[in-house]
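Have a look below at one chain only, the form predicted on its own, in structure tokens format.
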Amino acid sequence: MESVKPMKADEKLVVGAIRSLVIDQINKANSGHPGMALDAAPAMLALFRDHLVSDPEHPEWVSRDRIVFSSGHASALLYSMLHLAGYGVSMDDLKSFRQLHSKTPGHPEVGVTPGVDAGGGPLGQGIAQGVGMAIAERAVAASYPDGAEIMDHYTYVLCGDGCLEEGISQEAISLAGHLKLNKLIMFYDENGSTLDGPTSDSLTEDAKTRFLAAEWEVIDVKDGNSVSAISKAIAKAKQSTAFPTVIIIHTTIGYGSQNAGSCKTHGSPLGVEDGQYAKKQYGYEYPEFTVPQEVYDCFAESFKARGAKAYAAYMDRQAAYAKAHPEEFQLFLDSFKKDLGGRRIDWSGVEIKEKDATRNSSGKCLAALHAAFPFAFGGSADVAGSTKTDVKGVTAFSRANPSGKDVRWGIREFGMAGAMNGILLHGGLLAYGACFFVFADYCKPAIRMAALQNLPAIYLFTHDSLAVGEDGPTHQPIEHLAMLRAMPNVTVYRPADMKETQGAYDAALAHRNGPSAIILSRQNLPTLEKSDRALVEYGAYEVYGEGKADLEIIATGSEVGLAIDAAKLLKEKSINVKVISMPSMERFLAQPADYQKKVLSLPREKRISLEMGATFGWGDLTAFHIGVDRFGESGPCNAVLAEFGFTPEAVAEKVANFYAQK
């Protein structure tokens, strides 16, 4: 890089205004993280003033540049930038920082603050979301003839030492380099400090070598206060045609504070006295929450003018594209709609076998999904053959084949789920990801972020129970259904056969305000006589029963057929049992009370749950539970199931004993 030049007078004023707004927000709230927000201000000025292409008048413009604060605790900086840049963030909003129901929450939240492209969430996840956005930009552009006319932008990510210490960061960084996502540019704010002390206490690796090894371009900016040096670094990064770029910016945490360079500035307000001291260092002599017109003019004449011009040019290109490629353009529009343009899967040609594993059923459903939705996009964490995501005719997405729709995520479950969030935040693709159910543990923090951000991610989790058999307790998911059901805004589907698997896909596509998890068996299951694709939408329905019932068994997935077999044995003992298939507890509980009473007609005291998982969560629905509240065993599938009492005879005996006590 060129030698560092002093900050210009106008830059000093603007950076001073940004930093002062950060101080004022945090001091007024008496809560927040000034450290990074202060030291990264010059980088954000360089980005917004000179490079970022977005339009505050059209904040949802699909081809705008994206910016992700992976270090979401620096939110006061983002809100300051959005306010100055002309988004719908008022000075009163800044004064309400971290207050209940404000537009300026403690960490950025999608849908709450205009101009926020992603909720960074816990450290590291923003990096994965940024990678997902860069993947989406490339995949969408490559999906259409002359696609760069309607999709062409950069993705910027701000991260710090904490983000890079989180394990998900390496999953995402490695994948981005492998895919050569050259339109991904990351700012690494290297301020030498974490919450507990200097980074040297916990981190001594060479960050530059780490990124080079992962196939990234690396640009070093020695003086984090040099707006011009940072701007030149961004310009150089945008010239890369082969690799993503990280700009390592060496800064001083809490710049200007009496405690600058110390972890003391990381997560505590500066206070009035130190805040005034810092403002003097910036040469900023205005009252609290006061910004001179020259600062607003700086952004109006640069960022806002550039964005308005770019948006107008884009709309002209879009109109021309619509004339040249009308069918493709309609598909493009549908791909960004919440209802996917009203498209639905055609099930008429999908084979239903007498007996099959629901993971195999899901594979056939995926083929139908891709036929109905050319913008379907997903894959597995290196288990495509087992999760059946290797759909015939769907090519792999790669740096050589960006139009492919099958993502080879590698053994990166957390990275996969985090990047899926970025893909869905970006829009234009229907995203799904698959792995074994036990690895939902690795995905869980990203699933939670999908739920928080109302993202319609579809997770395909196979190998769903004790029936994994020989792989043993480490791979037999026991508590995972309860874990996912406990998470707000996540809908879990555990289908019993092909018809219910189809219904789970239909329901997941119909309810797109949050993620759906479809839980699938490895072992073959019978196709049930009374299973019904259309009734999965309602969460539960009767699949077996004649006359007045003595008891009701509520079962899910592979246990529905088992419950029917047990009910037939109990009938021989003059115990009449109704079997309820409950593919989705969440969907059932969302139904009106009269429907719930129609399905569960007996009182709770006469209901039994049957599920090869933890019984936690069934207490409100049933009085007796047949489940698994300890870890499994290693052995052949049938032997393990017999050991845990999941045979028709054993289930019938337990139900009969329960009935005898009534």
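All residue numbers are counted from 1 along the displayed sequence. Because the structure is a prediction, the values reported are computed rather than measured.
Not pictured, yet referred to below: the form predicted together with a further copy of the same chain.
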Of 363-371, 316-324, 206-214, 535-543, the segment with heavy atoms within 4.5 Å of a further copy of the same chain in the model of the complex is residues 206-214
With a further copy of the same chain left out of view, choose which of Thr491, Ser80, Thr245, Gln476 has a non-hydrogen atom within 4.5 angstroms of it in the model of the complex. Gln476
Pick from Asn524, Ser202, Gln330, Ser403: which has a non-hydrogen atom within 4.5 Å of a further copy of the same chain in the model of the complex? Ser202
So, Leu181, Asp220 and Asp506: all three within 4.5 Å of a further copy of the same chain in the model of the complex by heavy atoms, or not? no
Should Leu123 be classed as touching a further copy of the same chain in the model of the complex when contacts are defined as heavy atoms within 4.5 Å? yes
So in the model of the complex, is a further copy of the same chain close enough to Asp629 to count as touching (4.5 Å, heavy atoms)? yes
Given that a further copy of the same chain is not shown alongside this chain, does Asp339 nevertheless sit within 4.5 Å of it in the model of the complex, heavy atom to heavy atom? no
Heavy atom to heavy atom, is Ala467 within 4.5 Å of a further copy of the same chain in the model of the complex? no
Which residues within 380-406 place at least one heavy atom within 4.5 Å of a further copy of the same chain in the model of the complex? Ser380, Asp382, Val383, Ala384, Gly385, Ser386
